[in-house]
Structure formats: structure tokens, C-alpha cells
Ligand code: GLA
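Shown here is one chain on its own, the form predicted on its own, set out as C-alpha cells.
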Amino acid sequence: MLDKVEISKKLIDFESRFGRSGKIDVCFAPGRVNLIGEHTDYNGGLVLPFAIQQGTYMLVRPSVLPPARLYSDQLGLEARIMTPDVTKKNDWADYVRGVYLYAGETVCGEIPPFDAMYFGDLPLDSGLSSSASLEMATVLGLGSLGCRLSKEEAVKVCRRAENDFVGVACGVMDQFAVAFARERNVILLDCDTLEYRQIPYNLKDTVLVVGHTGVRRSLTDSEYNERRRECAEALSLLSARVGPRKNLSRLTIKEFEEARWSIPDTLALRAQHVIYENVRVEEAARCLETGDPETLGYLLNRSHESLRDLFEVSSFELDTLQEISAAQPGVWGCRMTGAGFGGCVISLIKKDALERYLGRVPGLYWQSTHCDAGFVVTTPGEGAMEVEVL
């Protein structure tokens, strides 16, 4: 999180832009990293996410007349929410408009006009759930306008904003993790039932390093929705052989292996990743509980190979950063995290190897890709919250 001095400077910027006319509320929602369990969320499977310290801030204050005025400090762009007809504009503020629309429709009714400024230290389009962070910060900001949602309501509204308004067919993991995360805990979440439990992060003498490849990605412009379609088709064909299943993750490995030859090769590869990845999540949760970084690192490496070779959502930059990281002394394991097509790699590293890793990997990566990677050392952090600034 940013310190209070930095936030106070943003309050001055807010008043310079929107005027001085009342109390400004400050809300924060973190980004998230998924330790393991990629593309299992929309297949009704298990995931193991946690919140990071970096995230999105929203400064918000009620205004007198519509429209709601928005400003992204990171992008340097203004936007509006025109009422009563809230329509998609295909810009950054669609995530905000979607939350505003569905929070009003499902919970709050009419929401008063407001001024809002967004800023933060979370890289955009990086696979760290910048969109869910933006959405959840907006939910908290609407609370200061009299539209207060429970965490469960917030997750539903934010997911609907992303699915139905923006048009990204994501699962529920990102919004859930941003809302329910606890400091020093990782969430084991069943994305079908939404049953979850907090697992303490008890890996001694280890750190998590998130490396951004320097390549941004956009799910609306990628093959993400195509992968969802392929998974749905695989489920339909496999269910005809093994019996009805609600989700692809509900097939056992034995059932899949006996039926895989009855479906097209590409669909079999997609299903194989999802079904085996779901098992890896269960095993990874046990590693956290027993304090076993070696086995967890092995699972991270296998997850990346599966995403690269079976699900085909990696990229040259992701593979390069993963391979360079995996070859470093003291690295237990690493994999791409997020939906793919660019973004980040997460590495599990021995504490005493961290300095050497950070000293070597950026240069080796640049030599191979001519891209500048950014690295963040992180631990599981707290979920979305209101911030007091004295």
C-alpha cells in the first residue's frame, strides 16, 4: 500500500481537479496473485489466490448534479457516467459503469452523483487483477454514497460488471479474492460452490516474487473467451461418455483418461489441463499446510508446463522469464500467473537466494527479450478496505 503522505498528495490533486466542497473518502482494493489453479475458476474448480499489497485507490465525494465525473490518474484520462441510461463506452471506466449500474439495479436503487479519482501502484493488464481491484474499490466508494454492499453482494455485482457489461467471461476468483483475502493467508476456493477456507502461509524462509514480463495483455482482445468455449465443448462431449457433469473440474483423472480419445485432440488437451490442474491445487494446499516448499515448487513448474503446452495461453516472454527463473539457485518453482497472453510469473524462492535472483534475472531476461521486467517481493495481504488518512 502507498503511505499516507502519498495519499495526502492525491487528495490535494483531487481538490485541484474537482474543487473543495466536502469530505473525501478513501477506499483501497488490492490486486491478487493466484498461486496455482489457472483457468479452473470458470470450469467450476479449485483455485489458491491471495491478495498482494499493491492495488487501486478510489477517492470519492458526493456531488450536486450529474453526471458522475471520473478520473484515472494512472492513465491521465477522464470519463463520465451518464444517467439514467448507463451505456458502455469501451474505455477504462466501463468497469466502474458496470459496478454502478448493477449495484443500483440489484441492491441500492438510485445512487447519487459523485466525483472520483483512481490511482494506485498496481500494473495494468498484468495478470494481477487490476480490473477486479478497480471494481472492488468502486464498490467501497459507492458505500460512502449510501450504497453499501456485503462482500457476497460485492462479488456478484463486480463479476456481473465484468461478464455482462465489459464482456470478459471471467470466473469468480478475482473478485472473491480481492474481497475476502486476509493478511498472511491464501484462500482455497471452490469456484462452483464458493465454499472456501483460509490457509495460513507458513512456508518458512521463503518469499514470493512476482515478475512482470513488461508485456501487457487484454482479455477482451485475446483468445480467453475461445478457451472458455473449448472447455464448454469438451465438457459436453465428455459428459456424453462418462455421464452428466456440471463442470469440467468435476471429472476425475480416471474418467477423463478413459474418455479422452473420444473427443478432438485440441479439446482433450484443454480438458487435460483443467482436470490435472484441479488436482495440483489440492496438493498445493497441503504443501502450504505442511510447510513443504519443495513439492509446491514442483507443482508450480508442472502448472506452467501445462498452461504452455496443453492450454496454450503462455507467450515467449512468459516462458522466457519462467525458464530463467527456474534455473536460478534457490528457486523452488515458478509459473505464469493470470489468464496468460502476457502478464506475470510468480516464483517461490529461498530468502537467502533473493538478492542474487534480483541481481541476475532482470539482465538475463532483457538479453533474451529486450523487454524490461519489473519485480515485486510480496506476501499475502488484506482484502479491500476503507482507508483512514489523518
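Worth saying up front: this structure is predicted, and the values here are computed from it rather than measured. Each residue number is its position in the shown sequence, starting from 1.
Form predicted together with the ligand: not shown, discussed below.
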- Item | Contact of E135 with the ligand in the predicted complex (heavy atom, 4.5 Å) | no
- Task: May I ask you to check whether M173 falls inside a 4.5 Å heavy atom distance of the ligand in the predicted complex?
- Result: yes
- Message: Please determine whether H39 contacts the ligand in the predicted complex, using a 4.5 Å cut-off between heavy atoms.
- Response: yes
- Message: With a cut-off of 4.5 Å between heavy atoms, is Y224 one of the residues that contacts the ligand in the predicted complex?
- Response: yes
- Note on the structure: Here the chain appears without its partner; judged in the predicted complex, the stretch of 344-352, 318-326, 359-367, 41-49 with heavy atoms within 4.5 Å of the ligand is 41-49
- Item | Residue among V331, V60, A68, A339 with a heavy atom within 4.5 Å of the ligand in the predicted complex | A339
